[in-house]
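Consider the single chain below, provided in C-alpha cells and representing the form predicted on its own.
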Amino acid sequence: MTDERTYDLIIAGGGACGLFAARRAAQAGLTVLVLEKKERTGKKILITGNGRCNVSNLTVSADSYPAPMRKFTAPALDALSVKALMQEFSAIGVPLVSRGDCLYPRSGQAAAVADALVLAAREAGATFQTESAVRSVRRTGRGFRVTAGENSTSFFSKAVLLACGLKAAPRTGSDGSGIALAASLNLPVNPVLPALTPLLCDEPYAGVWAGVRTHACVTVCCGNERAQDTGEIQLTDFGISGIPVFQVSRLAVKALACHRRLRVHMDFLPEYDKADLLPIAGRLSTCADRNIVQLLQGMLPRKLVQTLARKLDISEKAHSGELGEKAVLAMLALAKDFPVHVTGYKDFSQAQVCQGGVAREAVDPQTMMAVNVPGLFLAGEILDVDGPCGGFNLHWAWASGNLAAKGAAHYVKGKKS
C-alpha cells in the first residue's frame, strides 16, 4: 500500500453526478479519485438533450418529482437551487441559457459541459482514472478498500461515493453494476425498470400511421393512478414515442411489469372539447365532393386520417355526401379518444433514465450517506429517484452529487479531528 493509492474519497462513476461531486469534494479539501469504467468520463452527458445537454429546468423543485420522492429530494434541491446551479456553471465557463423552461449551455454543445466539469474538477485537485470499472467495495478498519480495473487494482479511502448510475443507455457505461456494489454492502434495492421510454403497441394499423408526428394528449390509466401529457408524439411501426409518451411511460412500464390492467388513450384534437365536434362535423360534411381524407387532412395528418378510416371501416375514397354527418362525427370522435393496446416498452438501451434503484429509506437525505454504512455515500440515478423529461433528472444528478460531496467532506474531516 502506497500513499498514492490512499484517498479521502473515491467516487465510483465519472458521469454527471460523479463529476459535479468530484469538484465539490476537492474544493472542500478532500483528496479525490474518480474511477470511470469507460475510456472517457461524462459519456452519458454527451447524448443528453439530443447532444445539446438539457442541464436543468427553471421550474425544478421537489414537487417536480413523483409524490413518494418529494420529501427525500427536498434537502438536495434546496442546497442547489436553479439559480445556484447557473452560477456554478457560469463559474466553470459554461453560461446557461433558457429555451422555454429548459436550460442549455450557451454553446449548445453537450461536450462543452462534460469537458468543463472534468477540467474544473482537475483544477480543484481531483484525480481521474478511466477504463477502471469498480469491481468491489469492502469496509475495512480504516475505511474502504476498492478494487477496480482489469487487474483489480486496490485503492483505499476514508469514504466512497457510488455515482455509477443504473442501466439506462448502457453504451455509455451504465450497466447496473452499481446495484451489485450496493447490494454487496447490504443496501436494499428496489426493482429497476426503464423510464422515459417509448411504448410498444399491438396496433394493426401501425404500418399505416408510421412516420407521423402530431400534436396529441396521451393518457395512461392503471387503477386509481393516472398520467397525462400533451405535446408532439411520434407514431411508429412499433408503437408510440415522443416526449409526451416518455412522460407517461413510467406508469405504463410499472403496470406492465406488475401485470396490472392498463388503459392508454390518445387525443389527437386536444385543443377541442367534445362539444365542438358536432358543429365541426356539420360544417365539414357540407363539402360533398371531398373524400374523407381530403375532408380531414387540414385538421389531421393524412396517414392518421387513413388510420382512423380503416379502424372505422370507412372507405378512404368515400365522399362526404355519401358518408353523411354521422360518419364524419365518428371520425372526429375517434380522433378525440383513440384507444391504444400497449403491450410492452423499449428496453434500457432506449430509456433516458430508470425507475427503481437503491431504496431511499436506506440513505440519509440530509447527507446522502447510507444509514447503516458510515462513510458510504450514494447519489444520482443509482438511487430510487427519477423525474420527468426536461432537465429534472440531470438537476437531480448535480444536486445529489453536490450534497453527497458536502456530506463526505463533513464525514472525513470529522474522522480526522
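Model, not experiment: these values are computed from the prediction. One-based numbering along the sequence shown.
Although it is not shown, the form predicted in complex with a small molecule is what the next lines describe.
Student: With the partner absent here, would 73, 358 and 360 each sit within 4.5 Å of the small molecule in the model of the complex, counting heavy atoms only?
Tutor: No.
Student: Within 4.5 Å, heavy atoms only, one stretch in 234 to 242, 165 to 173, 312 to 320, 279 to 287 touches the small molecule in the model of the complex. Which?
Tutor: Answer to the contact question: 165 to 173.
Student: In the model of the complex, does residue 177 have a heavy atom within 4.5 Å of the small molecule?
Tutor: It does: once the small molecule is placed as it appears in the model of the complex, residue 177 has a heavy atom within 4.5 Å of it.
Student: Even though the small molecule is not shown here, does residue 375 get within 4.5 Å of it in the model of the complex, heavy atoms only?
Tutor: Taking the distances in the model of the complex, the answer for residue 375 is no, it never comes within 4.5 Å of the small molecule.
Student: Taking heavy atoms and a 4.5 Å cut-off, does residue 328 contact the small molecule in the model of the complex?
Tutor: Answer no; every heavy atom of residue 328 is more than 4.5 Å from the small molecule in the model of the complex.
Student: Contact between residue 340 and the small molecule in the model of the complex at 4.5 Å, heavy atoms?
Tutor: Although the small molecule is absent here, residue 340 would stay clear of it in the model of the complex, with no heavy atoms inside 4.5 Å.
Student: Which residue, 22, 408, 399, 16, has a heavy atom that falls within 4.5 Å of the small molecule in the model of the complex?
Tutor: The residue in contact is 16.
Student: Using heavy atoms only and a 4.5 Å cut-off, determine which of 33, 351, 60, 30 is in contact with the small molecule in the model of the complex.
Tutor: Looking at the other structure, the residue within range turns out to be 351.
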